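Heads up, the chain below is alone and in the form predicted on its own; it's given as structure tokens.
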Amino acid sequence: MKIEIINTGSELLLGLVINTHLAFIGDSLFKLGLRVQRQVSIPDGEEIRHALAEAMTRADVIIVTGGLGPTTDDITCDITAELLGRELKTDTAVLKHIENIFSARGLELTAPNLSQALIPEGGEALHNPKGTAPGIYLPAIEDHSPHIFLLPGPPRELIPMFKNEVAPRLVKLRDQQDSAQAGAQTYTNFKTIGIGESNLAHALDEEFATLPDLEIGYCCRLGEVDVRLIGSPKDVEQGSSIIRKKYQREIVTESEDPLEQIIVDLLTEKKQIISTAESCTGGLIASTLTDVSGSSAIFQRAYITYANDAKAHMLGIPAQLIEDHGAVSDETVRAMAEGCLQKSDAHFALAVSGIAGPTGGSEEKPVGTVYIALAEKNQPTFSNRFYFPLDRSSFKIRTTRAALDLLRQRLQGFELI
């Protein structure tokens, strides 16, 4: 099924707004076993005519975002109806919905707002519980037009509409196609950490070459690489076996769940608690964990001990230890983790201390140096030195991922090295 996306909005091309629609729709389609073949961003206004007319010559499904509002530059619906040769007619259910919204807010209903109830003949209005602009689904007319979905631009309106209205219709179209064609595909995603994209590809591609019908994709982030396998169920399983055999320790999960979700799930399952003591990351580890719903069951407290006296006063580290070894040292980070564990009475404590830069480094400890420690009840404290020569923000993210991954490995039963 050839799916194209047209994102309208001058703000996208002026760099004022990041196009999150493509990321959301592309990911949602992929989870349905569908793929985006082409995407284009265009300004408001007449350019929609050219983009739609071109896409209609090759696509099976077109998804258009934006241009459904009440202002003069919102002409997506009008142009679509014109290209398809369909008359616009008032949808009474949509009109009632708009009237109720304006009445509840005590606002005057104007002609431009009333125009949002106009739907091209043969189209289906897609309910919008978050706003006045309905989405519109225009089923394909064989040999004349593809399936067309018109969606509002604001993400708070588009996302629930896509999930509730668009996705079920696309699943139905997909199933109709699969029943007519053999060889339906599947996919799986491996989230790995601690090994570079090029090293992964070098180690895997030779064996993957024995599966010529398997599509392999690598997606690299700071310290993490996703490996996506797409193909027949048999090929995907054979490819999965290759990855599992080589990278058992490095595989965080065989899903798209983030590292922090995996940790929260593991701690919840084990009924264990984590606390943190952070210097160079400034609380990012705690923030990352508590971004996950349900983290209140596994996270107790965080100590942000950026200054040396804070390390001494809040975690009980002897000032002489810091003076002798430095704030960025194995001895200090171990004492931070153990002090955090003792004061919080958690099962685990993570601690980090490093040099984020761009200043403050030395020949012995250059910018990018960080020590990470993991303390656990009734177990020896583990610590290690890492080196992430990155910009300040990236250094903090990379350190956070490395610290969380030490905890992930411990929870999954790997011996830390």
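Take the two forms, superpose them, and find the largest set of C-alpha atoms that agree within 1.5 Å; that set is the rigid core. Start at 1 and count along the sequence shown; that's the residue number. Worth saying up front: this structure is predicted, and the values here are computed from it rather than measured.
Keep in mind that the form predicted in complex with a further copy of the same chain is not shown, yet the notes after this line are about it.
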**OP:** Counting non-hydrogen atoms within 4.5 angstroms of a further copy of the same chain in the model of the complex, say which of Pro139, Pro233, Pro318, Gly282 makes the cut.
**Re:** Gly282
Subject >> Proximity to a further copy of the same chain in the model of the complex, single hit among Asp330, Asp257, Asp291, Glu82 (heavy atom within 4.5 Å) >> reply: Asp291
Original post:
Does Ile195 reach a further copy of the same chain in the model of the complex, with heavy atoms at most 4.5 Å apart?
Top reply: no
Subject >> Contact label in the model of the complex: Met56 to a further copy of the same chain, heavy atom within 4.5 Å >> reply: no
Subject >> Close approach of Leu32 to a further copy of the same chain in the model of the complex, 4.5 Å, heavy atom >> reply: no
Original post:
Within a 4.5 Å heavy atom cut-off, is Ser383 in contact with a further copy of the same chain in the model of the complex?
Top reply: no
Original post:
Picking from 196-204, 259-267, 91-99, 331-339, which part of the chain touches a further copy of the same chain in the model of the complex when contact means heavy atoms within 4.5 Å?
Top reply: 196-204
Subject >> Partner contacts in the model of the complex for 302-321 (non-hydrogen atom within 4.5 angstroms of a further copy of the same chain) >> reply: Ala302, Tyr303, Ile304, Thr305, Tyr306, Ala307, Asp309, Ala310, His313, Met314
Original post:
Leu390: CA shift of at least 2 Å between this form and the one not shown after core fit?
Top reply: no
**OP:** Taking the rigid core as the superposition reference, indicate whether the CA of Ala403 shifts 2 angstroms or more between this form and the one not shown.
**Re:** no
Subject >> Post core alignment: Ser28 C-alpha displaced by 2 Å or more between this form and the one not shown >> reply: yes
